[in-house]
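Starting off, we have a lone chain in the form predicted on its own, written out as structure tokens.
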């Protein structure tokens, strides 16, 4: 018979995820041990294994919860907003989730590839769903880029490049706020993309044309 779950099982599990993320972000997934995780969580290894049988399951749950939070934040942005306002709201939504998720975000960028293929693919599908939302928003702002699927992808991924690496240098409490940075990123993307044409973006494609 399976051991019954305690009333605070979910709360303890979330605490384990939060503290484990800090361990993985600091030491790296490969170097971190379940013993280190248990110590950070202030639980015994036996209790930790009651929640997670191995590091891979722990890493998967950390990343799945983080990506779901990002998707939920994006889904909450109204699709009825004017295109540029919607794109700005999407950028702001991601930056707000990142406010208290530096560890999870760092792990997503650096450690997702360590998971078994099936687990990794589930998370990659979630990432693709997130990228698709932003690609659609960019296409709505600039239909010419939206109509060029080859150009739309690098423009969209350039946007994520500006958003995803902000944790390396951005600090709350500085003159530039998250709201300011969301405005900056949106302006750079929209105004920069407005100057692009398929020919300008790819000289080789223009030559073939």
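Predicted model only: the values in this text are computed from it and were never measured. Numbering follows the first chain given and starts at 1.
Just so you know, the form predicted in complex with the DNA exists too; it's not on screen, but the next bit is about it.
Student: Go through 155, 62, 32, 182 and name the one with a heavy atom inside 4.5 Å of the DNA in the predicted complex.
Tutor: So the residue touching the DNA in the predicted complex, by this definition, is 32.
Student: 46, 147, 176, 168: which sits within 4.5 Å of the DNA in the predicted complex by any heavy atom?
Tutor: Answer to the contact question: 46.
Student: Which of these stretches, 136-144, 50-58, 66-74, 158-166, has heavy atoms within 4.5 Å of the DNA in the predicted complex?
Tutor: Result for this chain: 50-58.
Student: Can you tell me whether residue 12 touches the DNA? I mean in the predicted complex, with a 4.5 angstroms heavy atom cut-off.
Tutor: Answer yes; at least one heavy atom of residue 12 falls within 4.5 Å of the DNA in the predicted complex.
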